[in-house]
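Coming up is one lone chain in structure tokens, specifically the form predicted alone.
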Amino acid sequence: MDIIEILRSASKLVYENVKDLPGTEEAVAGDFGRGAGGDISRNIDIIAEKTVVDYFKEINFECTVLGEECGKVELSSNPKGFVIMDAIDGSANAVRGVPFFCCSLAFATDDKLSSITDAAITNLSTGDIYWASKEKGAFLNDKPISVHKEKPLYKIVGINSSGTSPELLKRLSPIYEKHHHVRHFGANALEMALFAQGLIDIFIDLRGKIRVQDIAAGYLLIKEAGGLILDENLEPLDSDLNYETRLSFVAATNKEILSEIFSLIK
């Protein structure tokens, strides 16, 4: 079985196992403390991660899992690579029943974002799967997708401003003043998928807080959909896969909109 099929199959199992949980008491049942990524673990997070790890064990997938909750799980003494997993991205939405959260899985052959070869982001409210393999394009279910290539009638600007410092908010404020169509939905991976689908024109997260698990799958999806994905210095994004690493990133459909929006940031 191809790696992308493994990721897609694991994602489908997660959807089946958690689709009835959002907004219920069962979603938050139990006290699991904080996961490896530092956030509070909820029952829905644990169920989703266990689904993926159990499936990998069942098919004898030789890999090392880097999970948001479970941390590093070595499933082989001779792994083929790393599965970078955020089994529930957008947990706050999920536990409240807000229908915007996803399962994010990526496979990397080495300890670098740039070594990611396969990725799947599953909308856990609908079961739709965004997926990509290196140099083979990006897809939504079975349909090829790409970033928006025409001049948009309305520019949709995504900005993750959760927990943003007053200083950064001040830097970003001209964007809010200039562009009325600013969005943030609460799940970076799924927002990156919407960007790759052509529904968002630029997505900005300059907080220096995002974890590799949150963006690994979106990183490849955006590249394969023809978008730019850059660091805070507007250089090509890359990173190690360390749990302590925190990142900023910018995704843009093209250099023109990138220049337009960043000309507003002091």
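Predicted, not measured: the structure shown is a model, and the values here were computed from it. Throughout, we count residues from 1 along the sequence that is shown.
From this point on, the text means the form predicted together with a small molecule, which you will not see here.
Participant: Note which of Ile47, Val28, Ile210, Leu199 lies within 4.5 Å of the small molecule in the predicted complex, where distance is taken over heavy atoms; exactly one does.
Facilitator: If I apply the 4.5 Å criterion carefully, the residue I get is Ile210.
Participant: Could you tell me if Ala187 has a non-hydrogen atom within 4.5 Å of the small molecule in the predicted complex?
Facilitator: Ala187: yes, in contact with the small molecule in the predicted complex.
Participant: Since only the chain is shown here, I'm wondering whether Asp214 would be in contact with the small molecule in the predicted complex (any heavy atom pair within 4.5 Å).
Facilitator: So Asp214 counts as contacting the small molecule.
Participant: Using the partner position in the predicted complex, report whether Asn160 sits within 4.5 Å of the small molecule, counting heavy atoms only.
Facilitator: Flag for Asn160 set to yes.
Participant: If you check in the predicted complex, is Glu191 within 4.5 Å of the small molecule, heavy atoms only?
Facilitator: Glu191: yes, in contact with the small molecule in the predicted complex.
Participant: Within 4.5 Å, heavy atoms only, one stretch in 83 to 91, 166 to 174, 126 to 134, 108 to 116 touches the small molecule in the predicted complex. Which?
Facilitator: The contacting stretch is 83 to 91.
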